[in-house]
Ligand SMILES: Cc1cc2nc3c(=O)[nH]c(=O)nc-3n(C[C@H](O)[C@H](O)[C@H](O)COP(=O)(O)O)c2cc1C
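Quick setup: one chain, the form predicted on its own, written in structure tokens, and binding and motion questions come after.
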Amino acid sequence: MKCVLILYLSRDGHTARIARALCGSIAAAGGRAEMMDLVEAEREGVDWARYDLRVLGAPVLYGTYDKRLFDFVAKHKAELDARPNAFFNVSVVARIPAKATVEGNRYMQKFLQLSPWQPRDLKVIAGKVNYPVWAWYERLMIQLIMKYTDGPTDPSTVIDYTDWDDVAAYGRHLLTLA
């Protein structure tokens, strides 16, 4: 049975939810998957030899990735590259079909430019707008971005743009890479 490790960063829990859905899809397709937060992986270490496929996922916040993502990638590039691997990003801008592709998503392109690791498989996943849980300054920043991109700006808005069927299909796809 192929074993997949899904490493992720999550700020408000949405990327973690996507990682859980990927694990469920992989298990339903006959594989085994484990997920681990990047902070936990850094503190406790990873038994890389246990995994046939290494997947890394991260959200895009205010147009950037968390610095810890690039620190982790730089430190563990050899381990990530030693076996089949993949990277997915999560961004609200991917709610727009043209920006939901690897080629059309400037944040994925930015990752590829800044990262010393060049994943073998890439995926863009639409995220979630959740104004009520964000601090006032975060809400304001996202509202400005949404105004610019014709998205929702009402501060009570909660919209999950994630296509969960596509996430499940991506989980099955990941299993084929292992």
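Remember, it's a predicted structure, so these values are computed and weren't measured experimentally. One rule holds for the numbers: they count along the sequence shown, beginning at 1.
Only in words, not in the display: the form predicted in complex with the named molecule, which the text now covers.
Only one segment in the set 150-158, 166-174, 6-14, 19-27 has any non-hydrogen atom within 4.5 angstroms of the named molecule in the predicted bound form, and it is 6-14. Mapping the unseen interface onto this chain, P116 falls outside it, with no heavy atom inside 4.5 Å of the named molecule in the predicted bound form. Contact check for F70: every heavy atom lies farther than 4.5 Å from the named molecule in the predicted bound form. Interface membership of A41, defined by any non-hydrogen atom within 4.5 Å of the named molecule in the predicted bound form, is ruled out. Among residues of the shown chain, L144 is not one whose heavy atoms approach the named molecule to within 4.5 Å in the predicted bound form.
The contact residue chosen from A33, V60, L53, L56 relative to the named molecule in the predicted bound form is V60, the criterion being a non-hydrogen atom within 4.5 angstroms.
Interface residues of 117-149, taken as those with a heavy atom within 4.5 Å of the named molecule in the predicted bound form (partner not displayed): G127, K128, W134, E138, M141, I142, I145, in sequence order.
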